[in-house]
Ligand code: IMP
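One chain follows as structure tokens, the form predicted on its own.
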Amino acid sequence: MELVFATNNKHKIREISELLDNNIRILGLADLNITEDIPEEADTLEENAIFKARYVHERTGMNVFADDTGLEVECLDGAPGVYSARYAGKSKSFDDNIEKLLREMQGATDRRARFRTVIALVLDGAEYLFEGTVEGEIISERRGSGGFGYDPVFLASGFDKTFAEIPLAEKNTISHRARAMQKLLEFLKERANL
């Protein structure tokens, strides 16, 4: 089976590719010469994921999945949430987003947070949603050089290393994106007998 992952984010493609067996081949948007940024202007992760999947499906006719992820911080009333990628502005700079987050949380004692990923799948014209979450906390300074986004300041519950400090294979056993993707893969196995 061939699926398009509606992203140009190489980090996400690498993470997802690590989870797949040989029965599924993932194509990124660059493989299809789709280089434009697909807008993420909806008010929910679900709406953004569905919009991106539909957008690419309508242009290619192919089976597509898209994700949207938000970091939901307890003391910030769930912010940055759906605005996580553009928290510090339209430049979508990981560093700027982390700096703003740490500034906003200065002095906070409740540092609980969770990552939430929603994956939308358009398969043979029908739409499906899958969700994955991971609970944790935001630490007060960056640690680690791996991963991307908020990984250097996110410590998953029960772990003493940030997502940026643990190897990708280990991250893929617990991450929000991996959990949502696992649900998608289980669905495909049942549906398509992969």
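Between two forms, the rigid core is the largest collection of C-alphas that superpose within 1.5 Å. Here the structure is a predicted model, which is why all the values come from computation and not from measurement. Numbering starts at 1 and runs along the sequence shown.
Keep in mind that the form predicted together with the named molecule is not shown, yet the notes after this line are about it.
Note that among 57-65, 123-131, 27-35, 141-149, the stretch whose heavy atoms approach the named molecule to within 4.5 Å in the predicted complex is 141-149. Interface residue remark: M105 is not counted as part of the site for the named molecule in the predicted complex, having no heavy atom within 4.5 Å.
Though the partner is left out of this view, A79 does not reach within 4.5 Å of the named molecule in the predicted complex, counting heavy atoms only. Proximity of A85 to the named molecule in the predicted complex falls within the 4.5 Å heavy atom cutoff. None of the heavy atoms of H11 is located within 4.5 Å of the named molecule in the predicted complex. Contacts between stretch 113-143 and the named molecule, counted in the predicted complex as any heavy atom lying within 4.5 Å, involve F115 alone.
In a rigid-core overlay of the protein, K12 has its C-alpha displaced by at least 2 Å between the shown form and the other one.
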